[in-house]
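One chain comes next, on its own, written out as structure tokens in the form predicted on its own.
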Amino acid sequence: MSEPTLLVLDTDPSPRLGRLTGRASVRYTDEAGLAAQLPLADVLLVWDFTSDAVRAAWPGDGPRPAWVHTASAGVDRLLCPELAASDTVVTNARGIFERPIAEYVTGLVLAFAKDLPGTLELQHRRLWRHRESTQVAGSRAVVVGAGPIGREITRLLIALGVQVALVGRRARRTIHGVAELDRLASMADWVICAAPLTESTRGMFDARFFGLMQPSARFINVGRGPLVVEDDLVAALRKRWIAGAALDVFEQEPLGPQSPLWGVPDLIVSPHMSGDTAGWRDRLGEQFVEMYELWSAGEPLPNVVDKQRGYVPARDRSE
């Protein structure tokens, strides 16, 4: 029996797939070559998870891989109607990014509360200016997105003494439904977005939403850029509707040097790095190899995406 063909949509540095020697015929392609290579592949590894090439190439002629794995939490860059309607199994990198992103969000909350940006600016200007900071314990947060990332953010914030309301697509047990979001956000000190990008969530954080928030509240997005109407967020910050914001994801990435977001007061901009800790690429590669071993043995795969919803349903199957 011939080895299955594994096609890698590659980017530098390439994944370490040495353990698959003799068990897979590995081919590498860039965006330009993907469409021609797709019909030859049994498995597609989307290592370049910032690319839209899969979504563009999938509707073409010929057979398609039985399994597509993306080395990311989100699948919005690759899902298209043809892939969603196919029998192809799609999996993601659930389990790799949850803790790092939660730590990053916790760091942002502490940085805002203790005015670390202000301290660094005053140090740069050699100014001694005593201020009072905010106590995090006892504050209120709303975490939007009840997947594993949102749950881990919730867990760490609770450890700091924050009162957290976790919001999902619909209410269940300790999770609030999206119908309650407006009420919860109007009372929150922190609104944190960790939701997937779907047609129902695109642009959900807009002028109307920011108008509901308290003037002392902060907004943090570690989900997907298009969840936020960026012009509305800029206006809300400039008008002091809210006290601050932090964005790690953007509608267009990378953020160009001419973007007005760089100069918005009380906005922290970071280059989509909240989940990327030292060794993260190695962990992604190891995860895929372990999943490939399951697939080749005919075992069920973890992290299977519901292609209609656009994310991996919660383990209790109610989300």
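Each residue number is its position in the shown sequence, starting from 1. Only a predicted model underlies this, so the values are computations on that prediction, with no experimental measurement involved.
Here the subject shifts to the form predicted in complex with a further copy of the same chain, a form of this protein not shown in this document.
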Discussion item. Whether T5, R23 and G60 jointly form a contact site for a further copy of the same chain in the predicted complex is the question; each needs a heavy atom within 4.5 Å.
Written reply: no
Worksheet item: Here the chain is shown alone; which of A56, L40, V269, A66 has a heavy atom within 4.5 Å of a further copy of the same chain in the predicted complex?
Response: V269
Item to complete: Find the only residue in L83, A235, L116, V89 having a heavy atom within 4.5 Å of a further copy of the same chain in the predicted complex.
Response: L116
Worksheet item: In terms of non-hydrogen atoms within 4.5 angstroms, which of the given stretches 173-181, 201-209, 127-135, 225-233 touches a further copy of the same chain in the predicted complex?
Response: 127-135
Discussion item. Is A278 near a further copy of the same chain? Define near as a heavy atom within 4.5 Å, in the predicted complex.
Written reply: yes
Discussion item. At 4.5 Å between heavy atoms, is R140 in contact with a further copy of the same chain in the predicted complex?
Written reply: no
Worksheet item: Does F250 reach a further copy of the same chain in the predicted complex, with heavy atoms at most 4.5 Å apart?
Response: yes
Worksheet item: So, in the predicted complex, is L160 in contact with a further copy of the same chain at a 4.5 angstroms heavy atom limit?
Response: yes
Item to complete: Quick one: name the residues from 99-114 with any non-hydrogen atom within 4.5 angstroms of a further copy of the same chain in the predicted complex.
Response: R99, P100, E103, Y104, T106, G107, L108, L110, A111, K114
